[in-house]
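The form predicted on its own is given below as one chain in structure tokens.
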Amino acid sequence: MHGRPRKVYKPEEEAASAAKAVKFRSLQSQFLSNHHNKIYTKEAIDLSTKLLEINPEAYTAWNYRKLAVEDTLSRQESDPDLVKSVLDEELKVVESSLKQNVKSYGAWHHRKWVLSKGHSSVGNELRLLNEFQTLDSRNFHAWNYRRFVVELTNRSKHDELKYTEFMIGNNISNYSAWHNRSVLLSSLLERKADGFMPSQKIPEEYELVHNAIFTDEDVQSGWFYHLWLLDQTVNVETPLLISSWPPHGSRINLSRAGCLNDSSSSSKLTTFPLILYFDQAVGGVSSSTVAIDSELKGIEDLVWEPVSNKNSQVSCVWVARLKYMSSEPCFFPKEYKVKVRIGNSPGIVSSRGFNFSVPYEFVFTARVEDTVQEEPREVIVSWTDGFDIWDAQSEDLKNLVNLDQLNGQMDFKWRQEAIAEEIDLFRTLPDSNSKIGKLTIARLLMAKATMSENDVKGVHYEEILKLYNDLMALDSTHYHYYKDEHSVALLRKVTSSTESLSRHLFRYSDMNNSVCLRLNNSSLSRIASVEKLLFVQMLDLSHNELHSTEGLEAMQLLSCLNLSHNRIRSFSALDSLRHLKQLRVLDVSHNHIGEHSVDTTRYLCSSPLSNSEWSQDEVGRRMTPSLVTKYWDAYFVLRDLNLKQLDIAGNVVAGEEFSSFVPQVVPTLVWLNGHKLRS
């Protein structure tokens, strides 16, 4: 195990081992009899001690001893001396077991349990820990137990921080000491203890880790700690609103038929989505924490819902369907100002427990026009014709696209300075082909680009992309990780300015000049920067290397999506699309769906065979239950979509049987694989 060769035992050693096994089985048989019969005599407890001397990992024996202690204490609680002697005996048994196997989970857990009974001596516990940490300074069991003792006895975290520095000084490759330091600092920085303001302490920590990295560049523990420090530098504890739809200052056209001239409804009461995109998952978004002021009728009692594939009540993306009542039929459009205020009332809280404390408001204009809509034509959407390039200077484009993050009130000065210093330092590494060095510079440049002005971002992204290309060539073992990071950097570059984004934006004339973003043939393996793409209605991601659609759930205006010629292996990988209520056209042709007989990605969704909510009566009236069972992952994704056009050709699954099943699941479907299903 862990690269150690298997030991070849001598005959006399094998004989001794066999005798030990016979003794153990005999003791175990007697012990289990005592355990089952709840015998807690001194002789029975001594028997369990002998069993643990042979095998400290005998969990049942440790649990038995807990029951025995509880039984003794229940009868002798009034005698403190007896209680102390019983608990002292348990501590001795644990110590003896740990000397035999210092990594015994059962022994360490039992010692925690004894201490939790109120019997502890800080001096004795630290003596024991020092003894074991001298033998193995990286033993994570001992470090974990040390944190437990510190919390239990309210030992000074400042003292513990000094201890980690001492241990790191003795051995810079001590992963456990670095980790313990990060745990201690996280707590101190979070509550901003005296002398632990992030703007002061984090730069000091960079100095400490530089000593380790530049002492021995090949020791990875320091690099891992540096990565943790970078996260502390970049990530802000307080949740921030970084994007919204509609964006501030925009003007959107609404008709009686719905949002942005969408013709999916004909009732007087119509809807369009309001989208809030936070930098981290938050909860508590509601009509009490988000106020909307407008003369537009029908916006009362707005319901905010988290957009999450995990059915969670916390999410980065929150959506409300703003129902509005259009004016009485008239020949002239009417404009309404809509003001959205967030965070003026408490209640929005991150998943880590931090309050949204940077109130923000944005205002947009809704232009409502009662129009007589023609019956929509059932024409197949083409991804090859009808696209017009969008001028980067177009007022329409500027009206829709707002690439500035909404975190202007945050002070990034010390963070930017710290990252700039790190970049300058790591450029001096003697080994220009150091993989960890290149990766660190790429991460630092990405952090700098995130907090930089638009006019210099492009320069950073060019270097980042080159670094990840170098890493893919140097380190094939981690190729897919570098590929994903390269994709993130490329999408950040595309969305870094209106000019760069406009090169990929088009108008699709056959669908009321819908906004189309074309990122086909971009070698993308991961989706990112969707917070800057909330306005997109058509998205072409064909001829890439995507394995899933994770992230697209935020793009609530999306009506057409092209995912052909990617590496999608199952319908479960399309699970995020269930949240796109306006999606009408989906192309997943020429992927790998159904190609793999055993595909673990299918288990992202629960099988209907084990889902209590599914029943044959529910679907039997309009589809074949056996097909639902066979294609359950497709059923759970497609049943929530109101598609009119679907292309699945070129996938192994796209046989006659499945093609006959799809229209049963999606009754709104008109076109399947380019063929019209009904007139």
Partner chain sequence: MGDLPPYPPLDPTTYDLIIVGTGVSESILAAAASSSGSSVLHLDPNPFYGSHFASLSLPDLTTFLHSNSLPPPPPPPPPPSHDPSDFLSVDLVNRSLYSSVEITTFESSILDDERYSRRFNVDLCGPRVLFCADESINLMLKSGSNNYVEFKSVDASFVGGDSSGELRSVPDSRAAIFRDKSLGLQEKNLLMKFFKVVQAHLAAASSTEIDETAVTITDEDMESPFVEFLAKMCLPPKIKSIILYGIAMLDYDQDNAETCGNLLKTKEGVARLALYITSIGRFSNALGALIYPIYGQGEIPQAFCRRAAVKGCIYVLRMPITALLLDKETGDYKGVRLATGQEIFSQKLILDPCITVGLESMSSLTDQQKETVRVLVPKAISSKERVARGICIIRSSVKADVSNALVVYPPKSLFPEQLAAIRVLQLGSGLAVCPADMHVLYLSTVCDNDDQGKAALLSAMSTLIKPQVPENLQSESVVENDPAEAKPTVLWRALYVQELVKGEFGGSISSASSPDGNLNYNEIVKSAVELYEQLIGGEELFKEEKTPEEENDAGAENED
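Residue numbers count along the first chain shown, from 1. All values derive from a computational prediction rather than experimental measurement.
Below, we refer to the form predicted together with the partner chain, which is not included among the displayed structures.
- Looking at 334-342, 110-118, 204-212, 356-364, the stretch with residues near the partner chain in the predicted complex, meaning non-hydrogen atoms within 4.5 angstroms, turns out to be 204-212.
- A heavy atom within 4.5 Å of the partner chain in the predicted complex is found for one listed residue only; from 195, 430, 123, 80, this is 430.
- This chain appears without its partner; in the predicted complex, the one residue of 173, 450, 238, 286 with a heavy atom within 4.5 Å of the partner chain is 173.
- Heavy atoms of residue 425 reach within 4.5 Å of the partner chain in the predicted complex, making it an interface residue.
- The shortest heavy atom separation between residue 292 and the partner chain in the predicted complex exceeds 4.5 Å.
- By the criterion of a heavy atom within 4.5 Å, residue 379 is excluded from the residues contacting the partner chain in the predicted complex.
- Residue contact check for residue 218: one or more of its heavy atoms lie within 4.5 Å of the partner chain in the predicted complex.
- Although the partner chain is not shown here, in the predicted complex the stretch 472-492 places no heavy atom of any residue within 4.5 Å of it.
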